[in-house]
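Here's a solo chain for you in structure tokens, the form predicted on its own.
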């Protein structure tokens, strides 16, 4: 039975494919982007998630923990995840829901039961289901089976993926969905590896092959200050896409610092100044003009 860890289900999404979408976020990702919007989805296992903003510091979690792996400091609850057995005692003891498991294991049938709750909206307003993450390519068997189940029911499908995978996995995922939404974060392989932990060679090869096979692609670049948002990178990416197929839709995604609190909850360094803001409309138009000057259709 194919299963995956789902760490979020977003309903009525409008930024993850065409129309109104139900977006399933699957745990696990082959990359480690320095700016990841969903750091809780990077690791494949289940952990206890702490929401500092709703914690009342009652210390009931520490009293309930049989492994004594919960402590406190100026940031609130500190969890020793190595010692934690995921028994759930602290979660049951928390009166505000500040502690919870960060994902639940779901079968394809269980996921479909969630998806069909929104089926009336797909039929009346277009759209469908998008698998995101993390990266659905990290759970290829589950992702492919779920996409096929949606297709059999007449529900539109898309995947948001790094395309960092073997050719057979990338092909199977593309064949099972209506649209592959993939990032090209950095065109220079050394810069890509420094920022994500991996070279981009596999990703670029998969894009070329999927385009040649007739897959419906949408390519995107997240504009990250100090990493991806510069003229040299945008020109290089645009030239690559133009060499593959200039009609492939290209999207520039503005920097979004709203995930800062997630990093705080995970006790990880976000790496961006607190005053760092999204790019202005004029700056976004400048990036768009660079890509359009290379002959691309920019969304």
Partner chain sequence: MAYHQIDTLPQPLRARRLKDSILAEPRYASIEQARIVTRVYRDNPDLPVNLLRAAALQESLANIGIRIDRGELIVGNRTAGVRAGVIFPESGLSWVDREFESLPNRPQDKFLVHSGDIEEFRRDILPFWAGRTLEDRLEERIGLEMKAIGKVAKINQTDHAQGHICPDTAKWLALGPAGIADEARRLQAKHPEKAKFYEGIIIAMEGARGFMRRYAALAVRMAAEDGDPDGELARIAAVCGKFADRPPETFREAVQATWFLYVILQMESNASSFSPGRLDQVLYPYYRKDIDSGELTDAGALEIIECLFLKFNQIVYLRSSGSARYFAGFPIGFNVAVGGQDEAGRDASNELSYLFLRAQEHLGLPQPNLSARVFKDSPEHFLTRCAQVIGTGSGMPQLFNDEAVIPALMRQGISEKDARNYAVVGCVELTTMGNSLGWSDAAMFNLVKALELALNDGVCLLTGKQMGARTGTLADHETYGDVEIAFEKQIDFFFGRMIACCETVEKAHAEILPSPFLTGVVNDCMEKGMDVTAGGAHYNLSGIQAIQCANIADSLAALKALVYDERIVDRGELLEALRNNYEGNEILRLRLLNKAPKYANDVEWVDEIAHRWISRFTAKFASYRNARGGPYHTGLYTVSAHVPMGQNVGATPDGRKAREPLADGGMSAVYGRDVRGPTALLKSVSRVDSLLGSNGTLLNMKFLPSLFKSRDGIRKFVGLIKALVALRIIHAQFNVVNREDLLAAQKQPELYRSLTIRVAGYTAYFTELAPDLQQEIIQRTSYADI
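All figures in this text were calculated on a predicted structure; none of them were measured in a lab. Positions refer to the first chain, counted from 1.
Just so it is clear, the following notes concern the form predicted together with the partner chain, a form of the same protein that is not shown.
Picking from 152-160, 172-180, 94-102, 222-230 the stretch near the partner chain in the model of the complex, with a 4.5 Å limit on heavy atoms, gives 94-102. Annotated contacts: 72, 77 and 108 are all free of the partner chain in the model of the complex [non-hydrogen atom within 4.5 angstroms]. Note on the partner interface in the model of the complex: the residue among 58, 63, 46, 253 having a heavy atom within 4.5 angstroms of the partner chain is 58. Under a 4.5 angstroms non-hydrogen atom cutoff, the partner chain in the model of the complex has residue 12 among its neighbouring residues. Within this chain, residue 18 lines the site of the partner chain in the model of the complex, having a heavy atom no more than 4.5 Å away.
Although the partner is absent here, residue 124 lies within 4.5 Å of the partner chain in the model of the complex, judged by heavy atoms. Residue contact check for residue 117: one or more of its heavy atoms lie within 4.5 Å of the partner chain in the model of the complex.
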